[in-house]
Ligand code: BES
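First, one chain by itself in structure tokens, the form predicted on its own.
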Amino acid sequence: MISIHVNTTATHCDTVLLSLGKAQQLSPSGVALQKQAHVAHFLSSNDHQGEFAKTRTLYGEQQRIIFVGSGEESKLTLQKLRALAAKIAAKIKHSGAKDVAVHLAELDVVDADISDKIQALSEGFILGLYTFDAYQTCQDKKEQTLQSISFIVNQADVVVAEEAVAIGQAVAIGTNFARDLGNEPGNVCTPEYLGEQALALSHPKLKVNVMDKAAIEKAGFTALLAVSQGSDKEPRFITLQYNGANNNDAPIALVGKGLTFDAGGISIKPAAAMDEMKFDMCGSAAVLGIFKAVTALNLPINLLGVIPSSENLLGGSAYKPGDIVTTYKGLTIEVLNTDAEGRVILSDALAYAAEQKPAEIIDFATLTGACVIALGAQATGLMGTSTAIKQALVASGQKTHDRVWEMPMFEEYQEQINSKIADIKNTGGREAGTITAACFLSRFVDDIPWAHLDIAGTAWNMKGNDISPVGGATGAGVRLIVDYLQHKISTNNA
């Protein structure tokens, strides 16, 4: 992990990183350096026109100067700044640059102050340096030369910039933790492994409990047990309690789907891309990533984390289409499709979370292929019962670019999951599949304000994206919820 600092001078660095806008427009620090004849000559003789994320390097006796294209500054957003940092980090990590002074905070960004810009840059550099190559033993791995980043700011901005770096680092580290969990293969990241990773989170205000199969049976999480029947791997039921605020304050409950591998069960999935079903636990990864970030920041808030974890395979004991499953809450489910298992295990987790009387519940799940068809990889599906929570999540999504898009939950959709032989059925058919899955979950949250995040399209991206060039798990939900929690804290303290 590189170290990130705030400074007012670049004299101690071997590399200086400057922005170059369209038509070679320089930032103030670049203008100051342009007085040096060799810099002016370099720019005049170079065809670098400031195209976004393109770089050119000028080698001097004491320092190298990397000119980074920032594109049209009038169109520069926080996400583009975050993406610029990620792209540059990936480019220079093996370049020989060790200590880099970054002047990108001088850029004008739409609706952003110095704190916003430094946080986005911190996130971008850490996210852009991410790799997942632990299992590549036969490839020559280049050694990362990059050791430190110094964001150069005015003296008056040092304190707020340092605070922004701390937030950006915590959010990015939490996101990368979620990425790591998602990228691990299914033979490594089992329910037991997920429980071990939760237990490894350490903080004086955090308590973690992991139930094994015997404890799950005793507690009565029968829906989770039903889904896990087809696997030799035992399920786990994981709870995390973080008490950062007054003990009397009701916590915010975060519930994450933890299907560490989903073959579909008896309703088996097609073989093509089934390897990607290791990502079906990205809801749980998001919850654990959020807890990692929150504990690093020591946020003054109370959180409850709930993660039901199992595999969904098709052994001789696997649950079958047509089975009736009784849930922790007592409601019965007619199983019409064993591949609609995420909502089944979440039924026990949501009912348990509601039983704890939290202030609100937010769940994360790679729940429906229908959400991928509806929204692609650009936004997470949002549904729920609380207008206030949904509006706040939309606002945080816009700020962090971990975006959400609300879908309706009209009462008529509930009719699609009514069963003739049980209380509900676990699929409402092809029509409005994302919405009817949310309707199913709504039966288990009682009257607790609740929001559901379907991250099926955003949780992983095999092609990579602007801030995840290596592809794989994205850590969707971590940036979103940390910002959401920070806004809630500031609103409560106002």
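One-based numbering along the sequence shown. From a predicted model like this one, the values you see are computed outputs, not experimental measurements.
What follows is about the form predicted in complex with the named molecule, which we do not show.
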Option touching the named molecule, based on a heavy atom within 4.5 Å in the model of the complex, out of Lys117, Lys292, Arg343, Lys278: Arg343
The unique member of Gly369, Gly376, Gly330, Pro185 whose heavy atoms fall within 4.5 Å of the named molecule in the model of the complex: Gly369
Distance check, Asp348 to the named molecule in the model of the complex, heavy atom within 4.5 Å: no
Partner contact for Glu311 in the model of the complex: the named molecule, 4.5 angstroms, heavy atom: no
Close approach of Asp339 to the named molecule in the model of the complex, 4.5 Å, heavy atom: yes
Partner proximity in the model of the complex: Lys269 to the named molecule, non-hydrogen atom cutoff 4.5 Å: yes
One stretch from 226-234, 192-200, 156-164, 269-277 that, in the model of the complex, holds residues within 4.5 Å of the named molecule by heavy atom: 269-277
The named molecule in the model of the complex: contacted by all of Asp262, Thr427 and Ala456, heavy atom 4.5 Å: yes
